[in-house]
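In structure tokens, one chain follows: the form predicted on its own.
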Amino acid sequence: MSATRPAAETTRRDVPLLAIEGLGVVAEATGAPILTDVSLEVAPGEIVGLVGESGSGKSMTSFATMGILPRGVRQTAGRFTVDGEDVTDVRDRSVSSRFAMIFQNPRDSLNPLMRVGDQIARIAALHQGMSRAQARAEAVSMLERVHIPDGERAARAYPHQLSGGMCQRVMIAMALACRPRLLIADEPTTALDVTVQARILDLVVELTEETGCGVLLVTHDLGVVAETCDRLNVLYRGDLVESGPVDRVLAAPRHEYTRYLLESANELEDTDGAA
């Protein structure tokens, strides 16, 4: 397995777009650690993978970054900076238009009682200060930007009238309406079939290159990482055990857990190929 996406052309700066330093998160009821001393960076125009099996702390890292940790979970350590600005004490970092997130299950994240165009328009009005008419036009534009044909018609649809892949494109359109500097994609293709997965990942790469935003891609799939990411971070039981350029990590992993993930992925590929 080897990386297929060209390295990001954007030159990394001394001050990264996002820096997470020493993040610690615990379960309040038991004090059990969920994340321990997690540190990583994302540069503009760069897609950074965060990989690990279920329960490794991937989603908790993304929630902590957005400032939306669930009840019963508490951040005990860590610092967040965006473009060098310390935003650690901002309670809900998603309030800033610099942050946007794509969640795992798009249908659960969309309001079933609102037309998707109205949902995107609300985001555009909030983050860009647009009038109702401007926000409506922006919603149609965003839908077309994520390659949904006939944006006017799609804007009038309710979530249940769209496929899973279309709903995920709507979620990406909503994220783009924030004009984010940082996009966090938390398992964005988990509930989609293989063909739709590829289209969504291609779209994420395209938009990253087009807008110059940085992306933190949370996934359990090393194949996805190989195809889309510039750098890779590996989480194991809440600890960041390996980091580096995708080519290096996949070709010469230094931690036994990374080697285990690669072996498991290769075995799965071999099984699928023999089927």
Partner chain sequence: MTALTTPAAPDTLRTTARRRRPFLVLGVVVIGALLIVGIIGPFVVADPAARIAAPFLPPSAEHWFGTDSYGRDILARCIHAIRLDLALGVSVALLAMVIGSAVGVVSGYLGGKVDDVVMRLVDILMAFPGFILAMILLVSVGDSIPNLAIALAIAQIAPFVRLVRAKSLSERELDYVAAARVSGAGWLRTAFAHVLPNSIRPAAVQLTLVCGYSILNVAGLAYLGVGIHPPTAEWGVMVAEGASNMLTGQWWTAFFPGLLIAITVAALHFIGDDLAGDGA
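Positions refer to the first chain, counted from 1. A quick note: this is a predicted structure, and the numbers were derived from the prediction, not measured.
The form predicted together with the partner chain is left out here; the points below concern that form.
Although the partner is absent here, Thr36 lies within 4.5 Å of the partner chain in the predicted complex, judged by heavy atoms. Though the partner is left out of this view, Gln134 does not reach within 4.5 Å of the partner chain in the predicted complex, counting heavy atoms only. Although the partner is absent here, Thr76 lies within 4.5 Å of the partner chain in the predicted complex, judged by heavy atoms.
Contact check for Val26: a non-hydrogen atom falls within 4.5 Å of the partner chain in the predicted complex.
Residues of 107-138 placing a heavy atom within 4.5 Å of the partner chain in the predicted complex: none.
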